[in-house]
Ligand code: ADE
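What follows is a single chain, given as structure tokens, in the form predicted on its own.
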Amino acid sequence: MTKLGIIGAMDVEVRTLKEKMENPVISRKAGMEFCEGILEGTPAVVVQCGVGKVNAAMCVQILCDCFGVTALVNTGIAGSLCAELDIGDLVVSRDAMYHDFDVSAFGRPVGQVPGMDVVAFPADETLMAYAYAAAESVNPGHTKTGRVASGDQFVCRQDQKDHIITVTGALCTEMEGTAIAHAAYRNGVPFVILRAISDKADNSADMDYPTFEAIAADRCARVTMAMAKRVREA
């Protein structure tokens, strides 16, 4: 049976999921709280990893080593890099790529980590299908599948946004997904990233951002629960 490891960076991204967990058992490791139980009939561990790539990668390794998860879902919010993606719209990862990893001086493409055979880490096709169907059930006609770009910076300027679009071609940008994808890839565990758009990743990001963040996080949580239900029914 599938056991989901569900990771969000911030409390707002995982709070609802924890509240919906049946028979939760709480444990703490590396400063993170792991909530293990049943979500929509599916065994799951929900955890707030904290912001940034290092926290995210550490969290994946703990989930793999200590909780025996068989699939990973990164849920949360992101900034849009696509004019067609507005606040509350959803992105399902096809793959994930770093926008701030650059050893191109040694002849490698921007984003490629030395020792890795890919520039962008591919998401699992089955998990992608579950995530897309779940997203469409919650917010029909407002889901895109494509690349997610990650880096250790909050993108809020047009020049940042333009650079990331140029080097990655991604639909959205955030701060953890690719590290989760990278760690999943190294561990041979399937993953998918599910993101709800909270801002346009430009100088409009400070316009009522807390309100947009809450709306997007709630929508992503509902999609994650719908996805867990689909995993159970498969």
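All values derive from a computational prediction rather than experimental measurement. Numbers for residues come from their place in the sequence shown, where the first is 1.
Form predicted in complex with the ligand: not shown, discussed below.
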{"property": "The ligand in the model of the complex: contacting segment from 63-71, 186-194, 171-179, 28-36, heavy atom within 4.5 Å", "result": "171-179"}
{"property": "The single option of 77, 96, 91, 131 touching the ligand in the model of the complex, heavy atom within 4.5 Å", "result": "77"}
{"property": "Residue (of 137, 126, 153, 112) lying close to the ligand in the model of the complex, criterion heavy atoms within 4.5 Å", "result": "153"}
{"property": "Distance check, residue 201 to the ligand in the model of the complex, heavy atom within 4.5 Å", "result": "yes"}
